[in-house]
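The chain that follows stands alone, in the form predicted alone, written as structure tokens.
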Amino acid sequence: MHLSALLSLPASLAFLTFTLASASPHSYTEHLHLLPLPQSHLHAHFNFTATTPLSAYESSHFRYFPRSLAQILQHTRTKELHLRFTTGRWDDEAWGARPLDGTREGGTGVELWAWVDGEGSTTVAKERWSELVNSLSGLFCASLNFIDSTKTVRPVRTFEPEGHHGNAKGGLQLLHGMLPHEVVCTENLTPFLKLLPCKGKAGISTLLDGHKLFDATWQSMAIDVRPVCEGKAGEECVLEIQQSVSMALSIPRSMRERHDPIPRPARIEDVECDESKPWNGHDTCFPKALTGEPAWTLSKVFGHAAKGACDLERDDQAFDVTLEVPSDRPVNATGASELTFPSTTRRHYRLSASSSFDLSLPAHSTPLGQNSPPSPPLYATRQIAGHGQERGSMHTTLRNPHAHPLTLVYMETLPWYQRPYMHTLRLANGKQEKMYYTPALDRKRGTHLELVLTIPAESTATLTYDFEKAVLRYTEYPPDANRGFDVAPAVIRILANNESPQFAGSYVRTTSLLLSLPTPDFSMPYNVIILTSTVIALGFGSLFNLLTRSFVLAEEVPPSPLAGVVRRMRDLVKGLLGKNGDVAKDEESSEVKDGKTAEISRYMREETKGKANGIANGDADLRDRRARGSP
């Protein structure tokens, strides 16, 4: 701070400003990790970390910590928060273990869990949880307000606090909720970027384009708030927020030209055929499996290059981008300086504040089986079986690919209209240690199930149980009732044991499921409503018409004043138009009519006189007609 500006401040404020500037307790860092994946995919993990002292947080003094989120946490007395927005599916079979052991990802849709200070009361904790989800719903433009009591559970063993809460840990209550049907889109990304100090205008956050992010095969946005204490004497604890975005991009799809976004098949001349296949021929081509990595450029994958650095109190040895590729692969980097660290697979770059950063990698051929991804701690699949609209069964397969047993916590959150039969719960090829079960209450609470299981080494365990489908009220069905109802994914946490300590704290989530419930024919109520409305309209309309209308003769109806005005106007117009020529024409036509009338009268007199003479002279024809009655 300049000395002149410092001297212009009051003494107390100047002392506070000088103390904060010299100690610099607030910090902010950002980092991008790039890792090529098999099948021409690229994993990109963005991490933004900001800290603020707890004393500054309690006094509402913020520098890099987002004030809008901090005020929500203070009002709801939330001590630790974890929020996830996830779409797509991570391919464990092809890409291996999940990024950061699955700790920064959630289930499909939106997932939220937090430790709330309920002051020893469950009712107070519920009220503050409701305020939290409603506030976050408005902040992130999401439907978090739909996490009500039917979608809220209290896990026992699945989650552990990541922060340091000290003596206050005993009074905190954990609440968890999921919305598997929530669609993650640009409306959620924009508030996410506004929480950053550089607002997505500088640094690696400029690469977060909604068209590229939500076109990825798998992506997850995470927000984690926790208190951190280093444990050093005299050092104050800080409140840390980590905003992270993790995605798996298809390189050919992301590098497709924007002016022609429609995917088109490659020409037959550009396809390398696998001639070892027995069906290969001159008119048949089976594409050969890709064994290498295609060439890619950072600006083409994300749409543009990174626009400089978000230079906020960076350390001299801090790096912004890490690229994990073999050391023999050439890399061309512009707009950054490469930092040297003792690593054979990682390259670190520090962005320049005045120039754009870009990476370019040529194509690289990798022999089959080389650089295979690490194996995940567990493979998990889950599906609904059965037929009919009354009952069904849940099947979960857990496969342990390692040479040592695994101990895990398996948690399911079922909606209240899916009623499990716990006496049908079966675990094949595994051991059940403990079970935590909370039954559902219709329209009040969902089913909460937690199991502590042990899976033997290199074996597959199967968990099954039957359930009943409830019949909903017709007002409880969504507009797309025949699509089905989403069931939240299962959450699996690997526990620590002596034989597999490296997997302790890892998380695996299954995919969400679609449950088909008995659905009425909504066209029948529509038909009933239309028919009833028609009958009521006809009957009531006729009766009302008879009761309110008065019937009179036409002669009793008084002439309308408007009709008289119209008649006078018509006569006036005729009079104006007929002054010049119409009068003479009327007189001439009158004379013609008078002549014709005189001639007709004379003819009639003569005809009558002739008939009289004929009768007097005894005209035979006339007498015969008279006799026959003819005229």
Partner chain sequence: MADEQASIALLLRDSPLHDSFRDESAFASQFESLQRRTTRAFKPAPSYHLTFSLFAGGSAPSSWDIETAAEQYINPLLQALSSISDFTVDTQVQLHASISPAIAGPTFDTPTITWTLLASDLSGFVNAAEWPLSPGIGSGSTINLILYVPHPRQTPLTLSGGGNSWIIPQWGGVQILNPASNTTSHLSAAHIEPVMLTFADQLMSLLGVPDSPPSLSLRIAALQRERTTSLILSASSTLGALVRLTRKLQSIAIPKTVAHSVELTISHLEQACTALSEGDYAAALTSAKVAEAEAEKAFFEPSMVGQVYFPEEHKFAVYVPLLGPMGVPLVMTLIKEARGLVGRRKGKVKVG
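Numbering follows the first chain given and starts at 1. The structure presented is a predicted model; accordingly, all values stated were derived computationally and were not measured. Throughout, rigid core stands for the largest set of C-alpha atoms superposing within 1.5 Å between the two forms.
FYI, the form predicted together with the partner chain isn't displayed, but the following is about it.
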Would A554 count as a contact of the partner chain in the predicted bound form, using a 4.5 angstroms cut-off between non-hydrogen atoms?
-> no
For H31, is any heavy atom within 4.5 Å of the partner chain in the predicted bound form, or not?
-> no
Report yes if any heavy atom of W279 sits within 4.5 Å of a heavy atom of the partner chain in the predicted bound form; otherwise report no.
-> no
State yes or no: in the predicted bound form, is some non-hydrogen atom of R63 no more than 4.5 angstroms from a non-hydrogen atom of the partner chain?
-> yes
Of S533, S372, N167, N498, the one that lies within 4.5 Å of the partner chain in the predicted bound form (heavy atoms) = S533
Among the candidate residues Q502, Q383, T297, Q71, which is the single one with a non-hydrogen atom no more than 4.5 Å from the partner chain in the predicted bound form?
-> Q71
Kindly confirm or deny that K194, P197 and L312 each have some heavy atom within 4.5 angstroms of the partner chain in the predicted bound form.
-> yes
Partner-facing stretch of 181 to 189, 473 to 481, 328 to 336, 540 to 548, counted where any non-hydrogen atom is within 4.5 angstroms of the partner chain in the predicted bound form | 540 to 548
Does any residue in 452 to 474 get within 4.5 Å of the partner chain in the predicted bound form, counting heavy atoms only, and if so which ones?
-> none
Please check if P558 moves between this form and the one not shown, taking a CA shift of 2 Å or more relative to the superposed core as movement.
-> yes
Could you check whether the CA atom of R473 moves 2 Å or more between this form and the one not shown, using the rigid core for the fit?
-> no
Core-aligned, does K444 move its Cα 2 Å or more between this form and the one not shown?
-> no
